[in-house]
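One chain comes next, on its own, written as structure tokens: the form predicted on its own.
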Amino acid sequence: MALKRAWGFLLLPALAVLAAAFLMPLANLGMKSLHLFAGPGREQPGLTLENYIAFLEDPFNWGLLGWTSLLGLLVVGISLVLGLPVAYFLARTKTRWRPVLFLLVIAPMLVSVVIRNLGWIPILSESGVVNSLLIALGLVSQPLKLFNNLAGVVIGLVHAFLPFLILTLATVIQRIDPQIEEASINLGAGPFETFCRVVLPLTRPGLIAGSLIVFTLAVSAYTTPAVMGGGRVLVMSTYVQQQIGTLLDYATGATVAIVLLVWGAFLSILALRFSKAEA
């Protein structure tokens, strides 16, 4: 008992830091969302739910929420297509360069998100590497618009969050006994059928966990849509910035932020319950 109390006291500083870094800002947002806008940087006294009622009654807000969710699902889908083969290879390879390959996967996470996004400019711009190569090969006659639009945002988000999915899937695949796959092949199944009917079902926990991580990060990301979208792609996070940073409407911005938080949590809980029901 004394040991448990000692560990409890040792955890108090860390819990205090977590509360200050996460709970207090959320509580502040929640309180501001319960006040009405009274002019730039000002709020009316008294608590009310009118901001949430106004949000639910405005079709624009529902469209923006749906569009942000679709963007998150698109990023998850592309990440799964790209990440599954890489994760499987990293989990099964025996090469001595395996640590280096893992380092290459997590390398984007070691660079500032702003620097990563700026690094795409000479690659995706109209005079960048991709368009220059496509034109030189005769595949296109005019430069493709791959920056300052939705395509740029999707590329930036996939680049930023793909490592989370790969690492999650690789960890789960490593726990699958390779003899199970060998038994499937010995029973007549081909490599592709074995992957689809044996490996994928066993990696479902990793698929769900990794997809939830990528989805929640994608729908809440601000820097990448702002930089890679060039101000032309409006999602919930950039809308919050407009309300708070430009219009100084803290009440509306806080309301949208809380709705996005609740929506992401709701979808995560729904996905987890669905996965348990299917198990």
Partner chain sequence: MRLTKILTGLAIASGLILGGATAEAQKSDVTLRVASYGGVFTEAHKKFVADLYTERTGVKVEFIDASPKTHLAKMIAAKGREAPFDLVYLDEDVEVEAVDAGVVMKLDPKLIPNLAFVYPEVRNKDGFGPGVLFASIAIAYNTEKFKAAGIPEPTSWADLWNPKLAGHVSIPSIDNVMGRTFIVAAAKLAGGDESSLAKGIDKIAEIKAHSYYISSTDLQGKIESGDVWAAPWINGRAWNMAIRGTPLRFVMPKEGGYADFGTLDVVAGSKHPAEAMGYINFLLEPLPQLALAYELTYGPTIHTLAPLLKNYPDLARMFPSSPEDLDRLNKIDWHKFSPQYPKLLQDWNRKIASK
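Bear in mind that the values here come from a model prediction, so they are computed numbers and not experimental data. Positions refer to the first chain, counted from 1.
Not on display, but discussed next: the form predicted in complex with the partner chain.
S.K.: Taking the partner chain as it sits in the model of the complex, is V233 in contact with it (heavy atom to heavy atom, 4.5 Å or less)?
M.R.: Yes.
S.K.: Wondering, does V227 line up within 4.5 Å of the partner chain in the model of the complex on heavy atoms?
M.R.: Yes, V227 lies within 4.5 Å of the partner chain in the model of the complex.
S.K.: Using heavy atoms and a 4.5 Å limit, would one call G66 a contact residue for the partner chain in the model of the complex?
M.R.: Looking in the model of the complex, residue contacts with the partner chain do not include G66, since no heavy atom lies within 4.5 Å.
S.K.: Taking any heavy atom pair closer than or equal to 4.5 Å as contact, tell me whether S127 reaches the partner chain in the model of the complex.
M.R.: Yes - in the model of the complex, heavy atoms of S127 and the partner chain come within 4.5 Å of each other.
S.K.: Determine the residues of 233-249 with a heavy atom within 4.5 Å of the partner chain in the model of the complex and present them in sequence order; the list may be empty.
M.R.: Contacting residues: V233, L234, Y239, Q242, Q243, G245, T246, L247, L248.
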